[in-house]
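As a starting point, one isolated chain is supplied in structure tokens, in the form predicted on its own.
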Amino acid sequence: MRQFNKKFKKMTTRLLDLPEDVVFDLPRITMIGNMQCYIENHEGIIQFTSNKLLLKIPNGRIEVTGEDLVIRTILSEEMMLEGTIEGYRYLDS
């Protein structure tokens, strides 16, 4: 049944020309150089230091690493991170 739901969502997404991040509850990450990172569709902060940010997302976690990291803006599902961003990676739950 789960496979059917996934295939149905994909078909509906293509047919109605909807963004997949909205339909599949995926995070959207926008990087501005290595100085800013805008993350949408997160479920909250798990850990934050000046060198690491760990966010909860629907399918796991996102880890952002860098130096002098500062959260400039945080809303219920969006956040702006600034500093020297070295990278990010997805971690399964």
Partner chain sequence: MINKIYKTITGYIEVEISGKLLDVLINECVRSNISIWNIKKIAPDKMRWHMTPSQYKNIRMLLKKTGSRSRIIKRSGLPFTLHKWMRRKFLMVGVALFVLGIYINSAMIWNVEVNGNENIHTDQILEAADELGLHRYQFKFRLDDVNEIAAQLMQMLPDTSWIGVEMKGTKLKIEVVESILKEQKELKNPRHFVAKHDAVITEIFAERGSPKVRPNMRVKQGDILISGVLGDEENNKIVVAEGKVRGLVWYEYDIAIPLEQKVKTYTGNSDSNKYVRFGDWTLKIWGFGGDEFKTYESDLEYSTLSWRNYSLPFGILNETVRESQSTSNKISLEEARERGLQEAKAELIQYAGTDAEIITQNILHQKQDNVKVYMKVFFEVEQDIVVEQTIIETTPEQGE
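Not measured: the values here are computed from a predicted model. Residue numbers count along the first chain shown, from 1.
Keep in mind that the form predicted together with its partner chain is missing from the display, and what follows is about it.
- Contact annotation: residue 26 falls outside 4.5 Å of its partner chain in the model of the complex, judged by heavy atom distances.
- Looking at residue 38, you'd find every heavy atom of it more than 4.5 angstroms from its partner chain in the model of the complex.
- Looking at residue 58, you'd find every heavy atom of it more than 4.5 angstroms from its partner chain in the model of the complex.
- Residue 31 falls outside the set of residues with a heavy atom inside 4.5 Å of its partner chain in the model of the complex.
- Contacts between stretch 30 to 55 and its partner chain, counted in the model of the complex as any heavy atom lying within 4.5 Å, involve 44, 45, 46, 47, 48, 49, 50, listed in sequence order.
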